[in-house]
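There is one chain below, alone, in C-alpha cells, taken in the form predicted on its own.
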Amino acid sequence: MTYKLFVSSLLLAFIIAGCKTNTSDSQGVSADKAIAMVAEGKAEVAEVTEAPNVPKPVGDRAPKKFIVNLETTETVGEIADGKQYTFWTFNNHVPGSFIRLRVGDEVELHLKNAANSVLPHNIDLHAVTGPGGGAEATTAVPGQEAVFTFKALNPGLYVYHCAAPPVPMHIANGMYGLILVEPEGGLKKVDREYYIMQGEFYTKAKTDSLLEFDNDKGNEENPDYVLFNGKKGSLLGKNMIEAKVGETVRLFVGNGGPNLVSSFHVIGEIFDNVYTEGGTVVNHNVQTTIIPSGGAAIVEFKVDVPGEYVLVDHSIFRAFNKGAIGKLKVTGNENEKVFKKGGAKK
C-alpha cells in the first residue's frame, strides 16, 4: 500500500467513525432529553384539523399533556365524477385529522371504533416509540374505545395508519393521516401552512354509482385513482389552497400509499427548503421531492408572482389521468423582474 493510499484510507476511516459517533450521540441525547422533559399541568384536548387545514403552530411553549380523540368510521362518500366509494377513515375524512405536538409532549390517545363499523380498527403512529406504534394497544371492535399514552420523543412529520388485518386493505380504503412533532422552540414562522396527503384507490363496481375495494388491483399495484386528500378535485376550483405574493408557504405532504412512491412537485415553483422524509435534515433549491409510501416531507417556498400553480405527482400520468393534481392560487401584484409575459409574435 502506498503512503498516499494509506493516509487516504486512514482519513476515510476517521470520517466514517466520526459520523457514526456524532449521529448516535445526537440521537441518543435528543431522545434522553425528551424523556426527561416534564409535561406540566392538566391534560387538555388537542386541536385536530381536517385537510388541507392544520392546527396553529406550537411556538416556544413548554411540553404539555394532551388528549387526542379519534374515531374510526366506515362511510360512503364521493371519490370522483359522481362516483361513490366506501371509505374507511379516521374522523370521517381522508386523510385523517392532522395532529400537532412538540418534543416532550405527553399524549393520551383515545381511539373509538364507530358502532356501525363492520371490522375492528386500530392506529399505528410512526411518531410513537413502542410495540406496533400503538396498534396493539388500540385495537377496538365496533362500538369499543381503546386508550394508550405515549411521549413524543423525536421531531419530524410522521404518518399514522390503521394496522388491523388485513393491513393493506385498511390503508387502501383511506385509513391514514399525519402527526407533526415540532422541535423545541417550534418551526420557524411562515405565512401559510397546508396539509396534503396522497393515496391510491383500487376499485371495482359494486353498483352503477358505488365503487368498492379491489384486492386484485391492489396486489398488482394498478390503481384506478391516485388522489390528493381522498377525492378527485379536492384541491381544484373553489377548493384551491391560497397565498399572496411575497408570502412563504409551508406544505406538510404525506403519502399514505399503500404502494406507490410520490414525486411531489409544484409547477412554476422551486422548494427553498425540503425537510427530507419529514426529518430534521433540510435540503435546499429542490425541484421535485420523493415521498415514499408511508412517508412524508415538509416543503417551503416563497411565492413571488401571481397565478395558479399546479401541484402534481410528477409520475405525470397519475396527475393528469388518475387525479393526483391540485392548485395553489396566488394573488397580488405582478413582479416583472421575476417573470414577464411576452407578446405573441406573428
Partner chain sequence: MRFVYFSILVMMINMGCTSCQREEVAPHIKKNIEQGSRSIKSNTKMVMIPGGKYKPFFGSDTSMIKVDSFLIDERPVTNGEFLEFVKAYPEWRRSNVKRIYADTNYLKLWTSDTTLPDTVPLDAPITQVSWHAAKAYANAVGKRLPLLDEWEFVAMADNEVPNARKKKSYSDDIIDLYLIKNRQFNPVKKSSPNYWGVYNMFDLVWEWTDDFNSVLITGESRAGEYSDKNMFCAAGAVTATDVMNYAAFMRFSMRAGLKANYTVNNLGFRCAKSIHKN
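Remember, predicted model here, so these are calculated numbers, not experimental data. Residue numbers count along the first chain shown, from 1.
Note that the form predicted together with its partner chain isn't included here; everything after this is about it.
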>> Quick check on residue 122: any heavy atom within 4.5 Å of its partner chain in the predicted complex?
In response: yes
> Does any heavy atom of residue 239 come within 4.5 Å of a heavy atom of its partner chain in the predicted complex?
Replying inline: no
> Does residue 136 make contact with its partner chain in the predicted complex, using a 4.5 Å heavy atom cut-off?
Replying inline: yes
>> Quick check on residue 104: any heavy atom within 4.5 Å of its partner chain in the predicted complex?
In response: no
> Which of these residues, 149, 209, 116, 222, gets a heavy atom within 4.5 Å of its partner chain in the predicted complex?
Replying inline: 116
> 268, 77, 185, 142: which sits within 4.5 Å of its partner chain in the predicted complex by any heavy atom?
Replying inline: 142
>> To test your reading of this chain, name the stretch in 225-233, 241-249, 157-165, 260-268 whose heavy atoms come within 4.5 Å of its partner chain in the predicted complex.
In response: 157-165
> What residues of 80-108, in sequence order, lie within 4.5 Å of its partner chain in the predicted complex by heavy atom?
Replying inline: 88
